[in-house]
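For reference, the chain that follows is the form predicted alone, supplied as structure tokens.
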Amino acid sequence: MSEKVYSTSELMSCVMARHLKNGEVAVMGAVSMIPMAACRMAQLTHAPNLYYITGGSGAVNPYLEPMVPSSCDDELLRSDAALALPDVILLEGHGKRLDVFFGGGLQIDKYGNCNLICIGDWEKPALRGPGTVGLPFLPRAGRVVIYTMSHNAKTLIEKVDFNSGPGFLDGPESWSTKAKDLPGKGPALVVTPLCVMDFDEETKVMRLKSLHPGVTLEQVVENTGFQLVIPDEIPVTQEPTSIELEYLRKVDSAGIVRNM
């Protein structure tokens, strides 16, 4: 598209949707409007046999027309099926059942570890988070897609204060020790309002994958609290196509994602 007719959050939904494959099973947490929209859009475009479970509601393949403001909303029970929350947690902990786990945190570090517990000292935190529920099971999912609406040096940091959603732990050595006992492959993608990142295969450090249209490398570096792996060539994130926007806005007719 030559003229920007989409919001950053819509772009993020499109990036996530493209990452999903037909026949996969995805799960997400409580405040997950962008992943919800991404999953439904993927079903309506290239992945009709994708299944997704919306967090605390336990809804399987909610119809999302129109979009709702939380993945715990009872409107999500307009769906193919609904699971009790303990059953959702059992699925997350089992391994080999979930292909994609969408997660995030108050803090996200260079190895893809996420913190939803607290910022600062455990006894006297500067900020207490909502808790984890299923986030400790991230390493048991096939792969993890991390997302945040806050790309800054306070969110993307060198090391999380509390690791409630394990990524590549303390790097390749610690990961290789644990990975043989885990069914998942770890974090695969990080999507923010500025860029898309993945992880270097050897160092397991977050790596810049693409810059969103209009964003500069300097902006990303200045707003990241650790040293990213930066490749020699950095493409621009593919903009939403007219078809993607058509289906996304069919799902999100109230503009919940568009106006985030």
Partner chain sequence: MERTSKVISISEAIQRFVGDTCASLAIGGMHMHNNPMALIREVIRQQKKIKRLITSPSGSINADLLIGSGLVSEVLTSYVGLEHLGLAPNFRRGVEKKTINLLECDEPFLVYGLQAGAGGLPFIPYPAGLELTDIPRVNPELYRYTTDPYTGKQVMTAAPIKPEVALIHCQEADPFGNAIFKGSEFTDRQMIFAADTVILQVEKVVPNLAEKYGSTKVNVPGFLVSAVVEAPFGCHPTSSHGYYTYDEGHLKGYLKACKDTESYSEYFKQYVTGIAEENYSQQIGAEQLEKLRQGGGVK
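Keep in mind the model is a prediction, meaning the values are calculated, not measured. Numbering follows the first chain given and starts at 1.
One more form of this protein, predicted together with its partner chain, exists but is not displayed; see below.
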Partner contact for residue 162 in the predicted bound form: its partner chain, 4.5 angstroms, heavy atom: yes
Exercise: residue 53 in contact with its partner chain in the predicted bound form, heavy atom 4.5 Å: yes
Interface membership of residue 133, its partner chain in the predicted bound form, 4.5 Å heavy atom rule: yes
Its partner chain contact at residue 242 in the predicted bound form, heavy atom, 4.5 Å: no
In the predicted bound form, segment of 216-224, 58-66, 199-207, 230-238 with a heavy atom within 4.5 Å of its partner chain: 58-66
Within 4.5 Å of its partner chain in the predicted bound form: residues from 17-52 (heavy atom criterion): 22, 25, 30, 31, 33, 45, 46, 48, 49, 51
